[in-house]
Structure formats: C-alpha cells, structure tokens
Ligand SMILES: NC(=O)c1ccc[n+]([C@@H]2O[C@H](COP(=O)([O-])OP(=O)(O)OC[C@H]3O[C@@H](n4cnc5c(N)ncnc54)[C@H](OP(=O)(O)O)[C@@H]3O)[C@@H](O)[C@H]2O)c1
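Next up is one chain by itself, shown in structure tokens, the form predicted alone.
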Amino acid sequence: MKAAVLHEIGGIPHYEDFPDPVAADDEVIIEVKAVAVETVDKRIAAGTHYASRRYTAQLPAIPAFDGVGTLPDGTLVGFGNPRLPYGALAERTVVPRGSWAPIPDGIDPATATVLSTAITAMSARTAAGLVPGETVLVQGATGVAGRLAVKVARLLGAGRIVATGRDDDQLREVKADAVINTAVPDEELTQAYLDARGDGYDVVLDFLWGRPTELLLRALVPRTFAFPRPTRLVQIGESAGAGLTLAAESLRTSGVEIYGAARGLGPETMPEVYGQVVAWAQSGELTFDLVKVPLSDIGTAWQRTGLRGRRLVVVP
C-alpha cells in the first residue's frame, strides 16, 4: 500500500510503499478516507511533544493517530489508536476492535475529521456555562480552532464576540463584533482589552495563554472597590506560551474564574455535545474551512504554511 512514511525524528514523511497491515484476532483493518494533519502530529514527528517517544519508538513509521475511514462492511467511522508503526496517513491502517465510532449520515469524511475541534469550542457552554446574550472573548481567533470557536459561540447565543490575533488581515476575516491585534506593545494591548470589553467579558475562550492572557488578567483587575463582574476563563491552548505570571490581585479582586477545557465533559454530557455539533454541521449552520490534499502530496503538504485558519486534510 501507499503511505506517508517517517524515517527519522524531525524528518519529513515521504509518499512510498509500506507493507500492508495484517489484523490480529482482536483488530480490524480500516480503509482510510481522510486525516486532518494537526500541529500535534508534526510535533510528535519532530520529537518535541511529550508523547513523541511512544509514537516514534519504531521507525520507519506512519504518522498521525486518528482519522476517518471505513470498516470491512463499509461503515464510515472515526478511528484512533492504530497499532504502531501503522499511523493514519496511509491507504489502510489497523486498530483494536472498538477503537472507532460511527460517523452520522450526511457528514463527509473530510468534515468529520474536524468535528472534535468544534467540540472543544463547546467548552464555552460545558466549562463556562455560557448564557445567551453574554459577551465572549476568543483569544487566538485566527487559527482553525479559534475561528470555529467564534462560530460556535455565535450559535450558542453569544450576544457579543471579541476576537484577538496577530494579523489584521486575518482578523478582518473573523466574524466578530470587535477585534484586537495582540502584536502590539504591552501597554497598548492592555488598553485594547479595556476598550473592547464593553460591559465586561463574561466568557474567555483562551487558545493563547502566555503574554496576551497575562496582560488580559492584569486589565481585568478593577480600579475601584466596586464588586467585579465575574469572568469565566476557559484554558484551551498555549500557542503564545506555556506559562504566565499570575498576580494575586488578578484572582482576588477581579472576579476571574479559570477552568480547563475538559470541565463539564464526560460520558453523560459528551453525547449531547457531539450531537449538537453534528446537527449544526448537517444543517449547514456550522461550516468548516478545509484544504484537501492527496496523500501523494504529503511531503509538500507537511511543510505547508499560510493556511489562514483552514485545516489541512489529507485524502488517500
């Protein structure tokens, strides 16, 4: 079969022949239909992710650990946990029985690969308890996940959305009520947060962390003894930095509450959350910006930049 094959840590996968997988008694062969190439896949291949050792212990190997494909009976499923060295970026892979879930009717394979990103954006409700009419600040709104977060927040009934990013052109593409460029000096960015807050930020979906969020938390410290308006911040990503300095007053007097994105998600809530995202996708209310490339172009696609908030999806 043809596959994207990684020969060395830090290398680029090459389109070449690879032995076909053979299923054991407790495994199933998946015919791969679509795979989203994400930052985590590239970091694992580069050896910079905490899980790199697990996925690159045996080389050569096929990158990516989840995707969408068909079972032997033709059922379209989302799958994960392929048996190493068989990753998802191949014509076929092999997974343990039960390591898949059916894809609902009306969802094409490429779109199905990014449903999980939209589920992350649902943390506005599941983690922060967003109430229709509230104001949402999306930190890092020009990436794939951030743009989806803006769309999901609107569908959840956000009354006002403020979006941040580092590129004015891309910020103009985001359907927000106000935008903030974070690539400015500290004092200017702090003032921008204050100017755009209106009556206050009720929910913050944070894909950045690092410097921008540190400045945001400083900006939220009240200047008077008035009771602060609560702000529920959901920590999702760290594209601007893995750490920040959190001043005591940023929590003591600001009304800020910080949650992880997984808060409120579990076996009881996930079916409802997933069902809502699927329903929006089926109705066309929630759209996904994708760039589809054939598996044969994996070498070029792997190094591609400038996607402008679109998800790269490889179609074998």
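The structure displayed is predicted, hence computed values, not measured ones. The numbering used is simple: start at 1 and walk along the sequence shown.
Not pictured, yet referred to below: the form predicted together with the ligand.
Subject >> Heavy atom of each of 140, 237 and 311 within 4.5 Å of the ligand in the model of the complex >> reply: Checking in the model of the complex: 140, 237 and 311 are all within 4.5 Å of the ligand.
Original post:
Would residue 145 sit within 4.5 Å of the ligand in the model of the complex, counting heavy atoms only?
Top reply: Result yes; residue 145 sits at the interface with the ligand in the model of the complex.
Original post:
residue 207: heavy atom within 4.5 Å of the ligand in the model of the complex?
Top reply: Contact with the ligand, yes.
**OP:** Examine residue 282 and determine whether its closest non-hydrogen atom to the ligand in the model of the complex is within 4.5 angstroms.
**Re:** Output for residue 282 is no: heavy atoms all beyond 4.5 Å of the ligand.
**OP:** Considering only heavy atoms, tell me if residue 166 and the ligand come within 4.5 Å of each other in the model of the complex.
**Re:** Output for residue 166 is yes: heavy atoms within 4.5 Å of the ligand.
**OP:** Answer with one of 231, 111, 99, 170: the residue that has a non-hydrogen atom within 4.5 Å of the ligand in the model of the complex.
**Re:** Spelling it out, the residue with a heavy atom inside the cut-off is 170.
Original post:
Which residue among 70, 269, 39, 253 has a heavy atom within 4.5 angstroms of the ligand in the model of the complex?
Top reply: The residue in contact is 39.
Subject >> Among 191 to 199, 115 to 123, 150 to 158, 130 to 138, the region lying within 4.5 Å of the ligand in the model of the complex by heavy atom distance >> reply: Of the stretches listed, the one contacting the partner is 115 to 123.
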